[in-house]
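The chain below stands alone and is given in structure tokens; this is the form predicted alone.
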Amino acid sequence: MLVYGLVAFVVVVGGLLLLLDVVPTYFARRRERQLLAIAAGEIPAPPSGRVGKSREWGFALIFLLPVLMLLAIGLVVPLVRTTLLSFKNGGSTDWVGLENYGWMVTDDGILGVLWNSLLWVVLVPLVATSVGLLYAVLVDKARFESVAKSLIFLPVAISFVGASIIWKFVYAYRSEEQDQIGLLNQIVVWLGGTPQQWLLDSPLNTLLLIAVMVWIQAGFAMVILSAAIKAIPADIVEAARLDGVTAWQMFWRVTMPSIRPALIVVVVAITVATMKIFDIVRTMTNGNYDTNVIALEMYNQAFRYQQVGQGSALAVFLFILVIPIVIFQIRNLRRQREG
């Protein structure tokens, strides 16, 4: 059985590599040779007009076909199937119409989940981007800049589960009579306070979980925004300095307008990542104590409680929430290209 699995893996992966790499590369080189031959006068130029455009479309389709196939397999088919399942009962045997969506907006527990998810989506992009931007501005052209950037970028390389375990130790609780192993409670004890069970009280526990995501994403925001700051033309900065602007005016009138496209990209990327948050909540609290979010509740409904219809309704709702952000990002990229 293992041999069959290995053979299937080699065939599928090899086929995909052949389809995605070798075939487009072959046609690209063939196209390059044709252009060189046309430039050297060895062969006549291809016909212009409708026939030429048809060839161009065919050539573009060769490159797009693998991507379209992967999108259909990995996105379109699951989306259609999940949407259909969201209109069925828990066992996917009978159609129930909009019942699952009605449950989603009337159940108090699910409304709490939606509220927590909204808190994540608002706070994480705002705080992570602000921290990353502030850090990028402060360390720009400073001594040991690369070392300072590496320190804040390190959490990006850690998995969400690994980061959750690290922070679970930070929030760890022991009674007042015992030695504390949690950093936060040890600081409280040093200040003369009483150790707290930080992950039990809502909404404080949700904010502490959000801090983990901010810790991870701030490094990503810093890298992108630091590159954008360094790309600001030196003559613009020099002209502003000659005009006598202060550091505050330089930030708001020169830096911020210049890095606006990068800022939007960072906010959109962190927002999309936050909407799918699952690992941190699952690892640290398992959604208990009013810390649950949409992705974890979707998993619980579909796979733990065997309510596939309700889980699918939450998945569709999450997908619909992402669509406006994706459309905004596409329009923003198009405006940048036209500008």
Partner chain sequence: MATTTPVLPGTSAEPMPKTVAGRVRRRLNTRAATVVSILIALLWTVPTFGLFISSLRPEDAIKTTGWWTFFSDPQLTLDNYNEVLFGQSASSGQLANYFVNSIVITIPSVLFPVAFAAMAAYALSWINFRGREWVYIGIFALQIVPLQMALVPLLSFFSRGVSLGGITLMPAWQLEDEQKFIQVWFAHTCFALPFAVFLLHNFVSQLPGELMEAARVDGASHAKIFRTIVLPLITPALASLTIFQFLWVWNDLLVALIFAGGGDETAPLTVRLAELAGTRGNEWQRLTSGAFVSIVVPLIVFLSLQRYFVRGLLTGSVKG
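Only the largest set of C-alpha atoms that superpose within 1.5 Å between the two forms is called the rigid core. Numbering follows the first chain given and starts at 1. If you're wondering where the values come from, they're calculated on a predicted model, not measured in any experiment.
Heads up, the form predicted together with the partner chain isn't pictured, but that's what we're talking about next.
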For this chain shown on its own, do 102, 105 and 256 all sit within 4.5 Å of the partner chain in the predicted complex, going by heavy atoms? no
Want to guess which of 112-120, 200-208, 136-144, 234-242 is within 4.5 Å of the partner chain in the predicted complex, heavy atoms only? 136-144
Please pick, from 250, 267, 152, 96, the one residue with any non-hydrogen atom lying within 4.5 angstroms of the partner chain in the predicted complex. 152
Report whether the minimum heavy atom distance between residue 56 and the partner chain in the predicted complex is within 4.5 Å. yes
Spell out, yes or no, whether the shortest heavy atom distance between residue 279 and the partner chain in the predicted complex is within 4.5 Å. yes
Residue 124 within 4.5 Å of the partner chain in the predicted complex, heavy atoms: no
Would residue 157 show up as a contact with the partner chain in the predicted complex if we use heavy atoms at 4.5 Å? yes
Could you pull out the residues of 70-86 that have any heavy atom within 4.5 Å of the partner chain in the predicted complex? 70, 71, 73, 74, 75, 76, 78, 79, 81, 82, 83, 85
My question is whether residue 287 is one of the residues whose C-alpha shifts by 2 Å or more between this form and the one not shown, given a fit on the rigid core. no
Core-superposed C-alpha of residue 303 shifting 2 Å or more between this form and the one not shown: no
So, does residue 319 move by 2 Å or more at the CA between this form and the one not shown, with the core held fixed? no
